[in-house]
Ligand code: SAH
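Consider the single chain below, provided in structure tokens and representing the form predicted alone.
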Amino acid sequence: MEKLSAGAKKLGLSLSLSQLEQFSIYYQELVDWNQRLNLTRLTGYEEVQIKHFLDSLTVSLAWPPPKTNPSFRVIDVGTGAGMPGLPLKILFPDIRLVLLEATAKKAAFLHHLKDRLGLNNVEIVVGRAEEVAHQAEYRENFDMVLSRGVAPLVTLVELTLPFCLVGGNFIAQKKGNIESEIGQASHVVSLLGSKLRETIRVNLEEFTDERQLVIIDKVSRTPETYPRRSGIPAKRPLM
């Protein structure tokens, strides 16, 4: 995990030997299960370290979680193979993490991986965000909501902000020029009880493409109407 360790240091992070071993296990299990499931198109040892693991850890640029708060709750919406949630859980083991994934087979991988990594306080939920966000135990119940490359921002905020408690934050990982995405989503962000705080550019030589973190603060409760029923946020975005 040399590439990951070196990149993490540039983020001001120091990964312990045990954490690096967890990432090594993560890689081995990802490649093994990928032969049976379509978890990722990236399987090379170095590219997984950089484009999956290090990319996940860049969220720390926007989010230094309180290390003394064991009740800090995080949800990763549309987690897929567990990113960025699980790499951040390895980095910050005290957070309480929920991984939301709509595909049962991918969720089976996440259950297996959680056990192999020896992680506590990790819950895997199988379901669509449009439905789970209306369940009382998950709605507006998280300090931090994360999502990585799931959908255009105008759709993504409808799927994620209902999970965020007032005073909490949503961080979206985005690539390329996102000015138009932010412009299209600005009305929806306000409608759902939030406001855009800032965007942070990820300036690491390991990434040749333009990567940014979009940070949105939750300032008031989301109307019960949202998110709309399954599939509608993507088909008919709230422009």
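The shown structure was predicted, so the numbers you read here are calculated from the model rather than taken from an experiment. Each residue number is its position in the shown sequence, starting from 1.
Although not depicted, the form predicted together with this ligand is the subject of the following passage.
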Query raised in the report: Does this ligand get within 4.5 angstroms of any non-hydrogen atom of residue 149 in the model of the complex?
Result: yes
Query - Distance check, residue 101 to this ligand in the model of the complex, heavy atom within 4.5 Å - result: yes
Report task. Please check if residue 130 has a heavy atom lying within 4.5 Å of any heavy atom of this ligand in the model of the complex. Result -> yes
Query - Residue contact check: residue 96 to this ligand in the model of the complex, 4.5 Å heavy atom - result: no
Report summary line: Which of 86-94, 164-172, 141-149, 115-123 lies within 4.5 Å of this ligand in the model of the complex, heavy atoms considered? The stretch 141-149
Query - All of 176, 185 and 211 with a heavy atom within 4.5 Å of this ligand in the model of the complex - result: no
